[in-house]
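Single chain ahead, by itself, as structure tokens, in the form predicted alone.
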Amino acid sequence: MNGQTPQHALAHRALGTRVFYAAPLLALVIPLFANPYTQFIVNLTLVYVLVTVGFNLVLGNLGQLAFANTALFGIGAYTAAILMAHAGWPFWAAIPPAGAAGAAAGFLASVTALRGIRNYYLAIVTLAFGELLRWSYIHGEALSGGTDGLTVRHADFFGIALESETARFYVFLLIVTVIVKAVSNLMRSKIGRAIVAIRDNELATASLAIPTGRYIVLAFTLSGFVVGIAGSLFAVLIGQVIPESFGLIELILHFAMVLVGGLGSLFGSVLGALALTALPEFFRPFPGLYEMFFGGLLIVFLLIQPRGLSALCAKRWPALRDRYYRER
């Protein structure tokens, strides 16, 4: 317990729970002070919170070097956009299919891991999977709109028109809070413990009669579901989905958010998304400077602080420490 008594551990956990619920409640007042552009950045941050949480399930918690995240993100965005643009579905009805499409793509990506492909080989195969899907967006003009993409003109959530950044913010905040809490509960369950055990030692986990293959597939599928829903939010927020939005640069951004926040840390996923969505705004008046800062930031975290921002925060506020963040 790291020198803590059971009472202290329970107190820290209770405090962490209160912080979790207090954060979205405090965020409710953001529209009172934010201009439309700032509100857009906040909404984009919420989208990337889900992206990072989903990516971290495979990269941090399962410990698999899989880079299919932009594929999952893109297929969720395109599924929602196609249903809304071609079939006239409301946004709320397009969210579950977007998550299901992401889950299906995650399941397909898990097949390579089940066949014993690991480490850099898995990274290359899953990266190729993402590029294959991006190729299909470009050449599937009938559904995807090709290089011009698809435009999402109108969106509503159970009768609430999402025409303003404020309206989108409240809906996004609700969805993100529910999903992040669900993932948090999952990681504290038997399923979450099995996923983390596979990361720490797959052979030892299998020796305990735990079906490691089943949990690997489940982790990839759940990751795809979460990231697919993030894609549907992204489609509504941007108002248009194009193949270029789901390329290699986007994947590097997702990876950086996980790395800066903290591998295997749910709290770190939120911090990483917040940091790398908000920071570019400070460099907007200085073209080219952000790219230099971004590269330097990754080097610093890789060499000096590989556990990410979550570990720094946990040293000062132990209640914010995740049970399953990556120690190694």
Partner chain sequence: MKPFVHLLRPCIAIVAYALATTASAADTAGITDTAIKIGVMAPLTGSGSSYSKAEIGLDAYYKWVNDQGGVNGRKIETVLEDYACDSTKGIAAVKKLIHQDKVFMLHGNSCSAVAMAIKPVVLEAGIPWVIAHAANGAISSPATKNIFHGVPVGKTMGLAMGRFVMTKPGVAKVAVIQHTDDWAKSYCGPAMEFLASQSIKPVVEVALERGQTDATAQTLRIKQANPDFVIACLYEAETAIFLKDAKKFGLNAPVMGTAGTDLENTLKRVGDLDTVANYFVPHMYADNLDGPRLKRFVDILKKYYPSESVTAFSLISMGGGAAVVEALKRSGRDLSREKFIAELDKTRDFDTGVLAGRITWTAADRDGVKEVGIAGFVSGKPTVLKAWGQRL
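Only a predicted model underlies this, so the values are computations on that prediction, with no experimental measurement involved. Numbering follows the first chain given and starts at 1.
Omitted from view is the form predicted in complex with the partner chain, to which the following refers.
Query raised in the report: Where does the partner chain sit in the model of the complex: which of 183-191, 132-140, 225-233, 75-83, heavy atoms within 4.5 Å?
Result: Stretch 132-140 is the one.
Query - Partner contact for residue 170 in the model of the complex: the partner chain, 4.5 angstroms, heavy atom - result: Contact check for residue 170: yes, within 4.5 Å of the partner chain in the model of the complex.
Query raised in the report: Counting only non-hydrogen atoms and a 4.5 angstroms cut-off, does residue 214 reach the partner chain in the model of the complex?
Result: Judged by the heavy-atom cut-off of 4.5 Å, residue 214 is well away from the partner chain in the model of the complex.
Query raised in the report: Could you tell me if residue 148 has a non-hydrogen atom within 4.5 Å of the partner chain in the model of the complex?
Result: Yes, residue 148 is a contact residue.
**Report entry** is_contact(residue 100, the partner chain) in the model of the complex, heavy atom dist at most 4.5 Å
**Finding:** Looking in the model of the complex, residue contacts with the partner chain do not include residue 100, since no heavy atom lies within 4.5 Å.
Report task. Using heavy atoms only and a 4.5 Å cut-off, determine which of 95, 242, 218, 176 is in contact with the partner chain in the model of the complex. Result -> Partner contact (heavy atom, 4.5 Å) among the options: 242.
Query raised in the report: From first to last in sequence, which residues of 27-49 have any non-hydrogen atom within 4.5 angstroms of the partner chain in the model of the complex?
Result: 28, 29, 31, 32, 35, 36, 37, 38, 40, 41, 44 sit within 4.5 Å of the partner.
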